[in-house]
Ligand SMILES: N[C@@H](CCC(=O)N[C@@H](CS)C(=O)NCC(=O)O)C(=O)O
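In the block that follows, a single chain appears as structure tokens, in the form predicted on its own.
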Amino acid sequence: MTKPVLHTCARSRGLRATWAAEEAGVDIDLRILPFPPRYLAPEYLDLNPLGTVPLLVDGATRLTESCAIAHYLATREGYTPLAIAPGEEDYGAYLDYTYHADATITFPQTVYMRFAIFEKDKGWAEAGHAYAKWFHKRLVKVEQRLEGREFLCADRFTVADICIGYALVLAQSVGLDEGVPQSLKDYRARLTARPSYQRAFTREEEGRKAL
């Protein structure tokens, strides 16, 4: 079977996919691009007209959503403990938190980054900081879910933890950590201490430094 090819930028949402591959033991061809690839690697647009990362190419299969890629890698050869199957306890919660990660939590972070960091000179910083407050308020659902739990679903580490965990990693790296509750910081510390996360992060950093 041909290796899946993952195109991404180091520390982007693609880290979810790299991390999932390490957890699932899927051998991927990791290709790190300069950021932003639409300007610094224009040939990438031939593969993904959106110019976004990540992009997973696995034969005829192409995926561009980081949470979907993480789930795909965890189930590529059948369900693994990283995913929760229909009929299993917490199946609904698994789906909910996996989608919640990007749609509700990472979304305001990316708006904050655009307006308060990348384009702050255009006078949009105030809007960016408003989205930062939105992000912090939306953490309450995860905070309450983790009361008395080590992981989000089925008493084990799953893709839902990868997807939510990355959002918390991003918060730390872009200056949004002040509003993150201590319980979620502790949860993040548990997740990022996993050998699979450490391997994924190191692989991406090595690729970034080699550009």
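Quick caveat, the model's predicted, so the values are computed rather than measured. Numbers follow the displayed sequence, beginning with 1.
The protein also exists as the form predicted together with the named molecule; that form is not presented, and the subsequent description refers to it.
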- residue 172 within 4.5 Å of the named molecule in the predicted bound form, heavy atoms: no
- For residue 38, is any heavy atom within 4.5 Å of the named molecule in the predicted bound form, or not? yes
- Item | Contact label in the predicted bound form: residue 179 to the named molecule, heavy atom within 4.5 Å | no
- Does residue 58 reach the named molecule in the predicted bound form, with heavy atoms at most 4.5 Å apart? no
- Partner contact check in the predicted bound form: of 156-164, 25-33, 143-151, 63-71, the stretch with a heavy atom within 4.5 Å of the named molecule is 63-71
- Partner contacts in the predicted bound form for 176-211 (non-hydrogen atom within 4.5 angstroms of the named molecule): none
